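One chain comes next, on its own, written as structure tokens: the form predicted alone.
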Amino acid sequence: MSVTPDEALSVSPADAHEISAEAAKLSRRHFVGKVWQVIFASSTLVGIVALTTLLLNIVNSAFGYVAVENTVQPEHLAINGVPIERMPKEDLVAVLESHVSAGLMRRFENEIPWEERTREDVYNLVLERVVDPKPVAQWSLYESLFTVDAIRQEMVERYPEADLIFKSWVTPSFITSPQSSNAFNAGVRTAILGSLWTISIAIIFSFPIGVGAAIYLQEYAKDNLINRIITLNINNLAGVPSIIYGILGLALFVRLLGQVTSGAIFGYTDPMTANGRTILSAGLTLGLLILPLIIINAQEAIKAVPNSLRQASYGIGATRWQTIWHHVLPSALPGILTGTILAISRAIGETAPLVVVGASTFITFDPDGPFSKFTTLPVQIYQWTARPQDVFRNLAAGGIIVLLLMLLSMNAIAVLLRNRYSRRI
């Protein structure tokens, strides 16, 4: 029986209704997909705008004009017509001795003998202790760029004796100088060293323990009630507020193990750290803080390794440990390092647990080991923002920029290591 072309193309009413319904569903799915695409794009845009606003606000506070008044004008310190800029070191020492107390001169001598100090070092002491420039007013970068005339008029009316300078609060001297009560001389060197010490101890403590725990839970532990409870609690610990870890560190590392964390058990006697409030206590506390994150991320990275790789290793006679060490861990290492990067990013910005453990808000000497008193960049930034003088807000903005650069540098090193191991696989 032959079928004409018209009969072949004809569609029954039921089929036409079904085709129409499917077309409507398809159109509705496309519409819903476009709506969600707009929502996702909008959320990304909002995040970019918020981050850009934050960065612009930080940069706006880290640069700008500053009105500076000197306690003693430099030209008044000239000897026989020679300004302090061209004085030899011996004359600079004499200027310093005639303007500061004998006790302060003895302290300088005890820190570094005058014979060992350079002329530049003595000149900086004269500027800091005698000239003593103090900012009396400051303007943001936006104001400095677009309201220069108004700033100069305000200088004439309110600060006729002050000098107007354009100040960058992020400079090499800012990074290499210790903390100071004078905003012009304050730096973050001590805080940077403290952050590096605490982060290093935290990684040394938490990385091997975290990866070892992840290997056990994923490769050795049986699926029973006890191990499920352990896994559940590890997941819960990742969301515990950091202040709780600070209280735990205070009870465990400062009070219970104070003889160890103060170094007394090893013969290290320092009355300033005899109570256990040291870098070691801070590093171990941060190690506990990031330990659940490292375990969870390492466990997920190990879980992502295909079982076929394990079976192939078993098939050629390898033991379970040989399979884990030579095949599973190398394959999971990029993911493990990614989780470690995230953990470091969280630890380096923590303040609350370190304040509880005993971080100093004002310290002028560098840490020389794990049993030293310490401060960190986040604690230093917090201390500056709490000061009543507005100029310390500019210092805080400079400290935030240094902290971000430090974090990006550490993350870049970790990413390079991760990519290097990824290419080897």
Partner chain sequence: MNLKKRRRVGESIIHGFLILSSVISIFITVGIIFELGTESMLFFTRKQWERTNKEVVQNVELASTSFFVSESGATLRAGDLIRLRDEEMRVVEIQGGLLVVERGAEGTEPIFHSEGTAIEKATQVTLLEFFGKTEWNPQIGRFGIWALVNSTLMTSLIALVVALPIGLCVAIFLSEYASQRFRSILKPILEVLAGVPTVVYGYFALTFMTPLLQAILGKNVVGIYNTASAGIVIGILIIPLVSSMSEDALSAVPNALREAAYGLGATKFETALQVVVPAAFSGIAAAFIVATSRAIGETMIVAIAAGAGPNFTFNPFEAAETMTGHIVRISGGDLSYNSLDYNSIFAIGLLLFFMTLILNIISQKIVKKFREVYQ
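Residue numbers count along the first chain shown, from 1. Only the largest set of C-alpha atoms that superpose within 1.5 Å between the two forms is called the rigid core. Note that this is a predicted model, so its numbers are computed, not measured.
From this point on, the text means the form predicted together with the partner chain, which you will not see here.
The partner is absent here, but in the predicted bound form a heavy atom of Arg320, alone among Arg320, His76, Arg106, Arg119, sits within 4.5 Å of the partner chain. Only one of Ser200, Ser180, Ser98, Asn275 lies close to the partner chain in the predicted bound form, with a heavy atom inside 4.5 Å, and it is Asn275.
Although the partner is absent from this view, Ser61 contacts the partner chain in the predicted bound form, with a non-hydrogen atom inside 4.5 angstroms. Using a 4.5 angstroms limit between non-hydrogen atoms, Pro88 is distant from the partner chain in the predicted bound form. Although the partner is absent here, Pro370 sits far enough away that none of its heavy atoms falls within 4.5 Å of the partner chain in the predicted bound form. Contact check for Pro208: a non-hydrogen atom falls within 4.5 Å of the partner chain in the predicted bound form.
By the 4.5 Å heavy atom rule, the three marked residues Leu51, Asn236 and Ile243 all count as contacting the partner chain in the predicted bound form. Only one segment in the set 333-341, 209-217, 150-158, 184-192 has residues whose heavy atoms sit within 4.5 Å of the partner chain in the predicted bound form; it is 209-217. Contacts to the partner chain in the predicted bound form (heavy atom within 4.5 Å) from stretch 250-264: Leu250, Ala251, Val254, Arg255, Leu256. Positional change of Gln37 between the shown form and the other one reaches 2 Å or more at the C-alpha, relative to the superposed core. With the core held fixed, Ile401 shows a CA shift below 2 Å between the shown form and the other one. A movement of the C-alpha atom of Asn57 falling short of 2 angstroms is seen between the shown form and the other one when the two forms are aligned on their rigid core.
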